[in-house]
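For reference, the chain that follows is the form predicted on its own, supplied as structure tokens.
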Amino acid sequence: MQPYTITLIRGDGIGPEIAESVIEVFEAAETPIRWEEAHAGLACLERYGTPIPEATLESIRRNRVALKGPTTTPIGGGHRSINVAIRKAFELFANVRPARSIPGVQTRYNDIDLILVRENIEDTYAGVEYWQTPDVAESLRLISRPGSSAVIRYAFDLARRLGRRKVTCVHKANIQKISDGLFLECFRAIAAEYPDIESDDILVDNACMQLVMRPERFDVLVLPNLFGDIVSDLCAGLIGGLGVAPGGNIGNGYAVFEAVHGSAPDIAGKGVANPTAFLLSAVQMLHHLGLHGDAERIENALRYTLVSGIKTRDLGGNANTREFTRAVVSNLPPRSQSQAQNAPVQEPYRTPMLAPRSTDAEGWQTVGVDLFFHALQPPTDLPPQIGAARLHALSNRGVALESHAVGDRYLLNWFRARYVSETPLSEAEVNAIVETLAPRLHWTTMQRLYRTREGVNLFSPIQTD
């Protein structure tokens, strides 16, 4: 069998140490893998002026599969997350994080077997943020039909391929009725195409409680990006923490596997890092490649090592990285004992992406605008009507301001004026609204309001007292 060429990024902090552990185990297991080393992280930022050199992206582009060590992301400033940048560069829309109990790792549970599939590119991780006023920062939460459909379809395909019984959609559509409502709408439509798999949905807050109280009710979970990031760490806590939590990022034709944990610079270079999560991520990569026999042998060796009591300090043992790696190597079973077989070379995963649609084709009609503006006090001279559009509401933090109650409220210096028409507005009429208000207001953002031909509003209502 010809070896697979895999891009290896060692990363920052403990990354080089745990990467060396994986290389040693793979070599001892005689896996058909050839590593092509590439670089990303703080050293690249200092040397090349970017944390991800073009040569690294080209290596992933060429090999289509990468194993990536942890990289450091500054908090509150500095360069953007390397993980997020790679996911966006290759449209790795599905983040797959198995959570499976490991014998020998003491937790409150001993029978966890979940797979969390998280949308990986959109949501607040699109990184579209602005200062609106000196007191108000805005982060846009972008949920799209094509993005939601891609990750949800992958979750059902994965469940079917692995013989899983159920896929659960986790959301907050009771509050985020339009954005999470769209994610849930996509889920229900796609679930109908998989009648052999049970499907249900649950609010994210309830899901967190149920995962702690009754984790057995879940099998495969699919979530929008931000909720998935949070809930995946909760699931990692069920099986012993981030030190044993693997992860993979899947797109159309590309995949990058990485441990969930960070670069842990405080213990870098001390030889005490736990390579378990990174090794399990590499095992996940082998399954992705169809090398199921090799994956099974390495995971069995890892589990036997932990059951025998050889653990790193974070798991309650006293083994260092080197001693732990040697123990895994010594516990590798012969190939003849593997129950799984390596599969023929598999085609990369692909799912059809929905084509963008025109608002005209969907019958959307512009019926108004929301104009956001900076002011220290609510204005009193807004025109009650501009053309066919009337002033529907003046709001602050999403709540309509009634003139008699303004004095009792703490108000931000960011307001919204909503003008709505009963009939569709022409472009000239929309422009007239903005041109009338612009000289009066220090406006920051304008949002067009749509309604369908059937009279359904495609915007959320303004709350009232």
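Since we're looking at a predicted model, the values are computed, not measured. All residue numbers are counted from 1 along the displayed sequence.
The form predicted together with a small molecule is left out here; the points below concern that form.
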item	value
Close approach of V22 to the small molecule in the predicted bound form, 4.5 Å, heavy atom	no
4.5 angstroms heavy atom contact with the small molecule in the predicted bound form for T71	yes
Close approach of E362 to the small molecule in the predicted bound form, 4.5 Å, heavy atom	no
N120, heavy atom within 4.5 angstroms of the small molecule in the predicted bound form	no
Location of the small molecule contact in the predicted bound form, chosen stretch of 196-204, 268-276, 301-309, 322-330 [non-hydrogen atom, 4.5 Å]	268-276
Interface residue in the predicted bound form among G248, G243, G147, P98, criterion: non-hydrogen atom within 4.5 angstroms of the small molecule	G243
The single option of D157, D219, D314, E138 touching the small molecule in the predicted bound form, heavy atom within 4.5 Å	D314
